[in-house]
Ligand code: UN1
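Presented as structure tokens, the chain that follows is alone, the form predicted on its own.
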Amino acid sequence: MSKMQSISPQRPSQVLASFAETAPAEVAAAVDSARTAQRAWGALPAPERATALSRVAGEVEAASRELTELGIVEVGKPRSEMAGEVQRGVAILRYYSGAVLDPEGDALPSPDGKSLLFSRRLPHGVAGLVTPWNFPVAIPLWKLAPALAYGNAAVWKPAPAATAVAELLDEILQRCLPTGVLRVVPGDAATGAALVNTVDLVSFTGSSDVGASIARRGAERQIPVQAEMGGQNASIVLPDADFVRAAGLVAASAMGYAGQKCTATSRVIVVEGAEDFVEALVEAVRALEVADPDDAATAVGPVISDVAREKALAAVCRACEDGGRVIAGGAPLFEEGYFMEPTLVADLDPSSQLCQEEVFGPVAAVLSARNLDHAIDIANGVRFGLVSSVYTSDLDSAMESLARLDTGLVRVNAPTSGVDFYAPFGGAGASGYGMKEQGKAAAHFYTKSQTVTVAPARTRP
């Protein structure tokens, strides 16, 4: 198999990890090993698994500085965001160390008044986890924590661009887990395909095309698949919004971490009467600090690769060919690293490519709408359905938006970016497939239901 490297996007000459792609036969061996280990792990009483996860949380917290520093260098995440992500990972582990002790089923009336009839939840076996580079700690942990808590073993394929963080996180987790319960298989598409072909369920975060192919393969194998994919998220701004506050939130959610979040704002829909908001937005975007992510003041670091930057710049050029007008940014930055200016493009038709397809970079379109009804139609007019946001001080407008916006998450006077780890997370359409992630929803994905009847052994006189 081919050799792969993970490099620093702000200093491309710095190689963080070199590794061989895990071959299909090696993936199968890892799954077999995990399946053997799962039998004992799944048989442990829930309180013992809870204790193990609590120990993992303590180890991750103790290594928080090391994980933060490595994440900044490997994926270019600004310091404040990376530090917050690691702390969220600790909170996720502690949450599931408690959630595993929740009731696991229902007691039901027996048909004869003598038997016991109840349901319970059981682990599937081996969970295959495929994670992206942009949240190298939080996303793996919000999959690993419930998978392990509910008695599964896990085989994890991290994104190649986040392999160094994955190796460190694996080292930390192994201190607290039985041998074989967690296996890591570095690699790219071939490794991922081999994993999907051998495990008992798959949780994936990544592109819509790959997620759709995994969902198809899962259906063929008749295994559960959960896929969290792309977004083309809209923020609607009404004339009665607080323009300065809204501009700051929209700018941060569109451009923070160079727009490399599935929840980033990609379309800003300005309702007639709110035109002054655009000026405030341009000012807020231009005020964002673009610099080395190690700097505490940095809001926008590099994009992950030269290919990613070229794709984002090409999307801006194509938008201008489609009639768009750059009102902020639009150019590459610095001689070293994959930096570009946070960019806003106005005057586009909602059907243009920039408004329809995810860029995954610091680029957003500014669109105009006649009224709230028109704005909602524009917001819903894409194949994605992850998250939308509405800025307004009118309760009726907020309630109408909640009822009509066709996204898995809707936020009022709050940014599209950001996830509450104890609440269900996932989108509709091309943004999500299968059960939601996180919170108590995770228990239903990582376990299967069994209905049990216990009848008396003897007939009493």
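None of the values given here were measured: they were computed from a predicted structure. Position 1 is the first residue in the sequence shown; the rest follow in order.
From this point on, the text means the form predicted together with the ligand, which you will not see here.
S.K.: Within 4.5 angstroms, counting heavy atoms, which one of the listed stretches 53-61, 415-423, 397-405, 22-30 is next to the ligand in the predicted complex?
M.R.: So the stretch in question is 415-423.
S.K.: Can you pick the one in Val155, Val86, Ile139, Val268 that has a heavy atom within 4.5 Å of the ligand in the predicted complex?
M.R.: It is Ile139.
S.K.: So which of Gln232, Thr298, Ser235, Thr205 gets a non-hydrogen atom within 4.5 Å of the ligand in the predicted complex?
M.R.: Answer to the contact question: Thr205.
S.K.: In the predicted complex, does Thr163 have a heavy atom within 4.5 Å of the ligand?
M.R.: Judged by the heavy-atom cut-off of 4.5 Å, Thr163 is well away from the ligand in the predicted complex.
S.K.: Do Phe135 and the ligand come within 4.5 Å of each other in the predicted complex, heavy atoms counted?
M.R.: So Phe135 counts as contacting the ligand.
S.K.: Taking the shortest heavy atom distance, is Glu341 within 4.5 Å of the ligand in the predicted complex?
M.R.: Looking in the predicted complex, residue contacts with the ligand do not include Glu341, since no heavy atom lies within 4.5 Å.
S.K.: Taking heavy atoms only, is Cys262 within 4.5 angstroms of the ligand in the predicted complex?
M.R.: Contact check for Cys262: yes, within 4.5 Å of the ligand in the predicted complex.
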